[in-house]
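In structure tokens, the next block holds one chain alone, the form predicted alone.
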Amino acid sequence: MNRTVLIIGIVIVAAIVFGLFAGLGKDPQHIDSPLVGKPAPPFALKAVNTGETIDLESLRGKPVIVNFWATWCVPCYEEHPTLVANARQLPNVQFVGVVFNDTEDKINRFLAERGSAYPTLLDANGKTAIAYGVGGVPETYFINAAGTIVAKYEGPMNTEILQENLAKAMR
């Protein structure tokens, strides 16, 4: 057997084994957001019920939690009480819900049933969700007072997860 071929084969196998071991324990569905550490994409969306336009720029100066959700999303339904409770307890943090692929009637029914403590905005054409790279709901972005995204969380949050990510925005 040619010694060079054997060494090349061992190097290739070692690289493959190393790659497989490096990936163990990682969620194959999770992709780190390239937006973390960058300015949050701007948006100006209308609030459900009031029709008031809320511009992300106007929220600068305090941490902002932007939660993308939909009424048809079961994990969003489960997560909503956590968001409402934390929004009521954290007056120095601005919570914003952004709903896409949904109707105002369904959103109003959802909020009447589950409660509300912060503005819910309708992303009617989905452009804001696209700008944030939302792959599914719920997804939550944590933005510091300067307007930089410091963390992203995919999936339903409990208070511990929310507080852990919010701490990054409070620094």
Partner chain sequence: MIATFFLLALLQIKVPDAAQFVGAPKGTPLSGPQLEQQTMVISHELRCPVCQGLAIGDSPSIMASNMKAQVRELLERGYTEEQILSYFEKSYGQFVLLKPKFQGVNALVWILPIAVLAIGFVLVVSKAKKLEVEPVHAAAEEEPADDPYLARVREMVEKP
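If you superpose the two forms and keep the largest set of C-alpha atoms that fall within 1.5 Å, you have the rigid core. All of these numbers come straight from a predicted model, not from anything done at the bench. Positions refer to the first chain, counted from 1.
Another form, the form predicted together with the partner chain, is not on view; read the next lines as being about it.
Residue contact with the partner chain in the predicted complex: residue 34 places a heavy atom within 4.5 Å of it.
Of the heavy atoms in residue 101, some are within 4.5 Å of the partner chain in the predicted complex. For residue 167, no non-hydrogen atom is located within 4.5 Å of the partner chain in the predicted complex, even though that partner is not displayed. The partner chain is not shown here, and in the predicted complex it never comes within 4.5 Å of any heavy atom of residue 106. Within 4.5 angstroms of the partner chain in the predicted complex, the stretch 64-79 places no non-hydrogen atom at all. Core-superposed comparison between this form and the one not shown: CA of residue 61 displaced by less than 2 Å. In the core-superposed comparison between this form and the one not shown, residue 108 has its Cα shifted by less than 2 Å.
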